[in-house]
Structure formats: C-alpha cells, structure tokens
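Heads up, the chain below is alone and in the form predicted alone; it's given as structure tokens.
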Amino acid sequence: MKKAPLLRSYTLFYLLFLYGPIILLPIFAFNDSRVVAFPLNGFTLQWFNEMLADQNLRNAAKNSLIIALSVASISTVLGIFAARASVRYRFPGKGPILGMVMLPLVLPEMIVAMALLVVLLSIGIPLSLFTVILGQVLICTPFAVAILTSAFQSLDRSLEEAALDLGETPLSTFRLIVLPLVMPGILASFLICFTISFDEFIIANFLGSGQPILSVYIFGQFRFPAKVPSMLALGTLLVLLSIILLGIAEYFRRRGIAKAGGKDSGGFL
C-alpha cells in the first residue's frame, strides 16, 4: 500500500483544528488565573468551586435537564412510531411523508426557530420551557428516526412471523419480541437526543421565556471576563458528560446490531 503523506498531513491538521479548542478548555479551567492566556500560572480548583456555588447556573442546569429529558423521551417515542411504519408497512405517500419528517436535518436551525416563533406568537401560545421542548422535539426527532430505522431494519422478520403463527397478537408480538430486540437502539436514540437537546442554543434562545437555560446562560456569561474561567470549568464537565453519553449510546447501538445478527457498517466511534 502506498503512503500518502499529503493525506496524512491533512488529517492531522483537520483533527488539530477540530479538537484543539476543546483541549484548551480543561487546560484553562485548571489554570490559576482569571486571564485566559499563556503562560499558565499554576493548578487550581477555584473555578469549579465558583461554578458549583452559582445559584443561577444551578437553576439553568435544572431547566436544561427538564428540557433534555422531555425532548429525548418524546423524540424517541415519535421515532419508534415513524421508524416502525417506514420499515414494516407500505402506504401512499410514504416517501414524501418520511422526507418531511427528516427535513429539519437539512433546514437551517435559525430558520426553523424564527418560523416557530412567528407561529407560536400568532396563535397566542406564550413562550416558556414548553415551547422550547416543542421546538427541540422538531430538531431531534429526525435523529431518533434515523437511529431507530437502522435498528428495525436489522430485525429478522421471521421471528415476528413465528410469534404470530404461535398465537400471539400483533401488539403482544411487538411487546415481547420486537421491543426487546430494538431496546439498545431505543437507548442509543434517547441518549443522543438528550445530548443534542442539552447542548442546543438557537431554539432555546428564540423560544425561551427568559427562564435560565444552560446554553443561553453560558453565552450570556461570556460578556463578563471574571466569569469566563468558571464557564470554562463548566465546559470541561459538559464535554466529559457528552463523551460519556455518546460512548454509551454507541455501545448500545453496536450491541443492538449484534443482538439482531446484523453487521455494523457505521457509527461515530
């Protein structure tokens, strides 16, 4: 096999450009200086203590957890219905309907947020955490559908047919046979939707009602230089949390494919 030094250099530059800023987060989060600059002054945990003592930050984190858990649950349930229908059944307009469901994946999120803001205000629905949940469900559902469609496609349909032949109803077959086999995909969908919702900013900024939401709160704190180190400490914890959640989601995705006897041909880890 021929070596490709140009491709290798491009890959290294790409990875450095992509992950370099993220690596700087923990470096400055433990630096004993309010000025985010080199040279480093020493090791400290002061910024983590300030972060934990911030009551507004705790309220924002609580609201973000409520939103993320709600969005992940609703998106995953909607994803189960859509993925099951797309894999198992044929119906008129199936292609265009699924295309409309997946459209938010390619639409600019700012356009979606502005359109939702106009619609909600025009029909008299006040902005709140509920409207943020509605908007983020629209964004996260296509991800759930994509993950769960892969899980349903890898199922062996002869298992369902055997259960029906043995006297089970379609509902009990789904509950006893299908659901346990696709459960790893459901868990992966839930965790990925939770991560996307927890980090989401544009929908939260447009459809929030002034109640603190973590992503919006962090953006606002960068106006105050004294708050930047504690925000970097928070960013370090969020990066660690995201890596753990995505790692668990990928584990369940691979486990689901292996459990159904399929071959893993994708994934993000």
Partner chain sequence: MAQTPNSEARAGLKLISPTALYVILLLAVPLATVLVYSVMTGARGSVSLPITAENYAELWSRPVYGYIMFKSLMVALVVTFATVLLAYPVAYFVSFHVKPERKSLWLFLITIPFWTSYIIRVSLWFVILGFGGVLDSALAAIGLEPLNVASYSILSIIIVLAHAYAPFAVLPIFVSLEKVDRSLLEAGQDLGESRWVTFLRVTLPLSMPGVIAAALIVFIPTVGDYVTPELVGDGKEPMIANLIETQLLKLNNFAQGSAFAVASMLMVGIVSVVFVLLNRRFIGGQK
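Because the structure is predicted, anything quoted here is derived from the model rather than measured. Numbering follows the first chain given and starts at 1.
As for the form predicted in complex with its partner chain, it is not shown, yet the points below apply to it.
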| query | finding |
| --- | --- |
| Partner proximity in the predicted complex: Arg255 to its partner chain, non-hydrogen atom cutoff 4.5 Å | no |
| Close approach of Val36 to its partner chain in the predicted complex, 4.5 Å, heavy atom | yes |
| Partner contact for Pro184 in the predicted complex: its partner chain, 4.5 angstroms, heavy atom | no |
| In the predicted complex, Thr195 touching its partner chain (heavy atom, 4.5 Å) | yes |
| Residues of 86 to 124 having any heavy atom within 4.5 Å of its partner chain in the predicted complex, listed in sequence order | Arg88, Tyr89, Arg90, Phe91, Pro92, Ile97, Leu98, Met100, Val101, Leu103, Pro104, Val106, Leu107, Pro108, Met110, Ile111, Val112, Met114, Ala115, Leu116, Leu117, Val118, Val119, Leu121, Ser122 |
